[in-house]
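The form predicted alone is given below as one chain in C-alpha cells.
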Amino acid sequence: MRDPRYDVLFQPMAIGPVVAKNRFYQVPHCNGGGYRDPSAAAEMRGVKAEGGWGVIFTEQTEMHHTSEITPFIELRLWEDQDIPALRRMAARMKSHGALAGIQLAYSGINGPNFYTKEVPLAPSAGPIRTFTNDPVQARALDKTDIRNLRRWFVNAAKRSKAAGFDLICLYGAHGFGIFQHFLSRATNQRTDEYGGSLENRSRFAREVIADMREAVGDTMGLTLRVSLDETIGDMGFSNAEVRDFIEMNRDLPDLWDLAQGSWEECSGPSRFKEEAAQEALVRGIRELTGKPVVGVGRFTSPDVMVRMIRSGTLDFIGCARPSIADPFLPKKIEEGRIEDIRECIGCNICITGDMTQSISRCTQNPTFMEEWRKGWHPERMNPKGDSRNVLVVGSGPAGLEAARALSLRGYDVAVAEARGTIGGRVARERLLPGLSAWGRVVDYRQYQLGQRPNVETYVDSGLSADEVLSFGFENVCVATGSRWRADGVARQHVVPVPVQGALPVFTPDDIMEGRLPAGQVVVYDDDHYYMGGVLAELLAQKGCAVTLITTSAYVSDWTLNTLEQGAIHRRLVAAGVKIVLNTGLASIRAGGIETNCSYTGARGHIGCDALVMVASRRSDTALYEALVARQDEWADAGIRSVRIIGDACAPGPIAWATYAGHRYARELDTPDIGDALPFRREVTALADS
C-alpha cells in the first residue's frame, strides 16, 4: 500500500467553496479534439478521474465568439447549445470524485478570429501575436467593450455552472489570455484607469472576478492562471511584478495557478527543461497570499512532489504531460506501485496534436485520446483471442509495446532481438545529447515484461525465415525497425543524390554506433525533426567544425510543433554550429558538397571532410518479405498470421511505433471489420434549413 512519505499528497484541500480530495491537479491542457471531438476529450478526462486525480480541468475554452484561435481546435462556450457537450465532459470528470474545472479563455491579442471574422479586441491596438504571424491587427477595447467583456465572462461562468463544473480557471498565462494582456506593459499601453500602474493594470482582473463571484462564487471555486515571468525584457510582466500583483491582490481568486511566461518556456521538452524547472520562479509566492497555489514542472517523481508541498512552495501538484503519460499516476502512488508509473519523457508529442489540429498522441501512453474512439483503457486490455502465442521479432518501441500488451491479454510471448541489448532505436537515441529521458520508453516496458511469467526475451537472436517457420508460433509480429539511408532520398531528392567525387558519408546510425567523422563536417537535414540538430550538437561537442544545412527556413522545422525549435537554434549557435537555411544538397563532390538554393536553385559550394546525411529511413523488411514469400508453408508450420508493424512497416516518430505495437496487440484475433472505420467519430448535425 501507500508509502507514508506520500501521505501529504492525499490530503484534501479547499479551493474556495469546494474541496479537492487530494493534491493531484491536472492543469488545463489541449488535446487536438476540442469542439470537433467532444466525446473523445470527455472520456480522456474521465479516465483520469478513474486514475485518482483530485482536480481535472478542460483545455482552453473559448468563451465568446469575438475571440477565437482558428485553425487551432479548442473547446467553445459561445452559447447555450455548447453546454451539452461540456456537461458530458464535466460528468465524466466528476465520476470518481474529482473536481471538474473549466478554463475560460478570451485570447485578445492572440485571437485572429479567422472563423468568426470578428475584429479582434485587446487592451491596446496592435498586430495579432500568433505562431504564424497572421496579418491581422486588434482594435483597442474602449470602455463599452470592457463592460461587454465583463458581462461575457459572467455569461460564460453561468453556462459553466449549468454544465456542472466546480471550478473556473481564468486564463492569463503563456501570453494567450486577456488577463495577462492587461497585466503586461508589452500589451497594455493604455493611459486610462486600466493602464499604467500595476494597480490599474490589475483592475480588469479584479472586476471580472468580482462579477463572477457575485454570479456563481458561492458554489464554484474561481482560479486565476498567471505567468510567472514573460522573460521579454523591461516591458514584460516580470517575476517581480507577478509577486507584487499577488501580494497586492492576495485573496483575489480562490487559487493562484502559476505557469511560466511563454508556452515554449512553460512546456519545454526534457531536452531543455528538467523536472521542477520553474521552482525558483515559484518559491516564496505562497507566502504572499492566503490562498492555495498550484504550479507545474513536468512532475514525474513523487519525492519531488512531496518536497514541493513540504517546502511550502506549492499546495497542489500541477500536471499536464505527466497526466497524459499515465492517467493513473495518483492511484499508483496511493497503491504503492511507483515502479508501474509510465513516466512522461518530455518529448512533447502530445502538444503536436494541438499544433497540427489533429488528435493528440503520447509516446508512453498509446491509449491517449483513444479511450472513446477505440475503447482503449490505459490499464486494461481486451480478453485474449483463440490463439495461444506470439513471436515478436524486434525489441524496439513497437515490439516492446506489442509484447507488453499481448502478455496482458494472456498470450504467451517470445521477443527475439538481433542485437545484444533490447530497445531498438531508443536504446541508441537515448545516448544522444538531451535525450536520456527518452530511455524511459524502454525502461518501463522492460520492467513490465520482467514481471510477466508469460514473456521470454532473447537477445543476440537474429532470425531467418527458416527459423521462424520451425518454432511453431501461431502468430508472428515483425518489428525489425528501419535504418537511415545514406543516399539522400527524402523530400528534396526522390532518387539518390548525384555523386561526382569521393567524400565520406555518414548516417545517424553510423554515428549512434560509434563511427564518427572528424574535421569539417556538413550535416544535411532533410528530415526536419530532432535528429539533424541533435547530431550537429553532438559532433560540435566532439570537436568537429559543423555546418548544418537544411532546405527549410528553420532548423529542425517540425519541432515548431514540439515547442523546441527556438531552443534548438539557440543551442546550436552556442555550440558554434554554422546554420545555413533554405539550402539543399545538389551533389556530393570530392572535398565538399555542391548546394542549391531552395527557391532559386542557385548553386554554391561548401568544403568539408565528411557529410552526415539525415534524410529518410528504409524499413527493414527482409524477414517479413521472406515469410510472405513462403506463405504456402504457414499452415504446416502452425502459423496463423504474420504482421509487420512500427518502423519496419513505415518509419515515424517513436510515438507512432508504440501506437502500432499497442494496436497490433489489441486487434490480434479480433473479427475482421472489413471496410468499417476502426474508430468512432462524431459528425456535426445539420441545422434545420
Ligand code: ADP
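Counting begins at 1, following the sequence as shown. Owing to the predicted nature of the structure, the values given are computational and were not obtained by experimental measurement.
One more form of this protein exists, namely the form predicted in complex with the ligand; it is left out here, but the text below deals with it.
None of 222, 276, 306, 463 but one reaches within 4.5 angstroms of the ligand in the predicted bound form through a heavy atom, and that residue is 463.
Only one of 419, 388, 452, 203 comes within 4.5 Å of the ligand in the predicted bound form through a heavy atom, and that residue is 419. Across the options 36-44, 644-652, 56-64, 630-638, residues that bring heavy atoms within 4.5 Å of the ligand in the predicted bound form belong to 644-652.
The ligand is not drawn, but in the predicted bound form it has a heavy atom within 4.5 Å of residue 479. Shown alone here, residue 261 lies farther than 4.5 Å from the ligand in the predicted bound form, counting heavy atoms only. The ligand is not shown here, and in the predicted bound form it never comes within 4.5 Å of any heavy atom of residue 533. Proximity of residue 327 to the ligand in the predicted bound form: non-hydrogen atoms within 4.5 Å are absent; the residue sits far from the partner. With contact defined as any non-hydrogen atom lying within 4.5 angstroms of the ligand in the predicted bound form, the contacting residues in 378-415 are 393, 394, 395, 396, 397, 398, 399, given in sequence order.
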